[in-house]
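Given as C-alpha cells, the chain that follows is alone and in the form predicted alone.
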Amino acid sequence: MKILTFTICLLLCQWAHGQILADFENYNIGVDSALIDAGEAGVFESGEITLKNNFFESEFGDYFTDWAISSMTDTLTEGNSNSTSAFAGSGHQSDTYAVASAFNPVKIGLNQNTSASGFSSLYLTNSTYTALSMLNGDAFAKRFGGETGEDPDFLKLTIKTILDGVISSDSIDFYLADYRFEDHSLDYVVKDWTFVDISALGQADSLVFSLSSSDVGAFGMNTPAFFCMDDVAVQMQSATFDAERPDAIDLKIYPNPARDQITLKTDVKTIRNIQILDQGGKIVSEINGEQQQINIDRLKAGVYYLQVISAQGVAIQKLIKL
C-alpha cells in the first residue's frame, strides 16, 4: 500500500502545488524535432530535475552525450541518424521526452532549491536506433538471439541513487530487452513506455543510469547505448493526502464488487484520465477519460484501485473484481 499511497499524494500534489512531474513539455520544440544542444548552461531542466547535456560538432556531424530532449516519432529508420527517436513513437501520453546517450553512466539530479526528497517513478522505453539494432543487427552489433534465436542476449539498465555524493549499494534493474527465457516466445525488446517504480531506493538527490549488454566487444558494448525516459516523478517532502481537501474530487463506483462492468459517478464534467492500478501501484489499464462505463471482464479477480484525474483534482477508490 506504500506505493499506492504515494501515487495518491503525488497526483494531488501535482494539481494543488504545481508540477512535480518532469514531462519535458516545457521545451516547445514541435513534433519530430530533437534538441541536442542545451547551450552555455549545459543542462536541461523540467519539473524538479536537471539533466546534463554535452554537445559536440565534428566533420561527421553533430552529436551529444548524456541527455537530449526529443519529440521524434520515427520507429522505422535504422542507424545512428535516428538515435533520438523513441521506439514507442512519441512521449508517454505527450509529445516530448528525454533521450540518454549512455555509453558511460548518465545522471539526473534534483534542482538545487527543490523541496523534493527523492525520486518516485519514471517511464522508460528503447530508442528506435537501439531497438532495431537488437532486432535486426547492424554493422557493429549482433541481432539478439543470434542466427538460431536461442542466444541468451539482454540489454539491462541499472538504476542507483546518489545522496550527498555517496552512491547507493541498492539498485533497480530494468531490462530493455531480454532473450534469456527457456521459452523463447517470451523474448522481448521493449517497445511501449513502461512504468518503473523506484521509490524503494529511498532518499536521493540524483539517479545514475548504467547500461550493460550481452553483446560486448574489445571496446565495450556493441549494442547502441541509447534509451528514452519520460514523466519522472519526484517525492515531495510535503506531499500528504487529505480526502477533505477541495482538489480531491468525489468519485463513486457501482456496482462494487463487480464482475464485468462498472459505472463511474463523479462531480466533474471533464475527466482527463482513468487508470486502474493493482495493489502494488502498477497501472494495469488506462481508459478514455470520457467513458463513464468501463468493462473490467479481462481483469483477474482481486483488489484494484481506480484513479480518476481531472482538471479539478484526483480521486481514487478501491475496486473489487469478482
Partner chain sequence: MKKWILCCLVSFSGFFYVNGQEEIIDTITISMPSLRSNNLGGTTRSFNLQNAESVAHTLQNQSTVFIKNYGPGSLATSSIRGGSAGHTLVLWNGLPIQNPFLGLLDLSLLDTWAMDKMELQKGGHSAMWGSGAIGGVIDLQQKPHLKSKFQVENRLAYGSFGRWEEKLKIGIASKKFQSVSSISYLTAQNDFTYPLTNGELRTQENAMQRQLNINQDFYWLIDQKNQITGHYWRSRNNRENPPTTVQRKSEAYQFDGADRVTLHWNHYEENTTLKAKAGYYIEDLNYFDPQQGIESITHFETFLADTDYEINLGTHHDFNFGFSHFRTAVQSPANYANDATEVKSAWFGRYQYKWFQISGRQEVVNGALVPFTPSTAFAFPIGGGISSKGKISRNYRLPTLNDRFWVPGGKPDLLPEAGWSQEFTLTYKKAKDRLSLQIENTVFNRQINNWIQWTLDGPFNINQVWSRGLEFQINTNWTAEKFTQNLHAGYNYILSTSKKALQFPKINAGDQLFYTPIHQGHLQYHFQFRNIKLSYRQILVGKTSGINDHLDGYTIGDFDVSYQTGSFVLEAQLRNVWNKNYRIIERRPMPGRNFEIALSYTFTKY
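What you see is a predicted model; the values in this text were computed from it and never measured. Numbering follows the first chain given and starts at 1.
Not on display, but discussed next: the form predicted together with its partner chain.
Looking at 160-168, 131-139, 84-92, 185-193, the stretch with residues near its partner chain in the model of the complex, meaning non-hydrogen atoms within 4.5 angstroms, turns out to be 131-139. For the options P105, G79, G109, G202, the one in contact with its partner chain in the model of the complex, meaning a heavy atom within 4.5 Å, is G79. Contact annotation: of the candidates S206, N222, T125, Q235, the single residue with a non-hydrogen atom within 4.5 angstroms of its partner chain in the model of the complex is N222.
Among heavy atoms of R143, some come within 4.5 Å of its partner chain in the model of the complex.
A residue is said to contact a partner when one of its heavy atoms sits within 4.5 Å of a partner heavy atom; D231 fails this definition for its partner chain in the model of the complex, lying far away. Looking at Y27, you'd find every heavy atom of it more than 4.5 angstroms from its partner chain in the model of the complex. Its partner chain in the model of the complex is not approached by D173, whose heavy atoms all lie more than 4.5 angstroms from it. Residues of 201-224 lying near its partner chain in the model of the complex, listed in sequence order, are D215, V216, G217, A218, F219, G220, N222, the criterion being any heavy atom within 4.5 Å.
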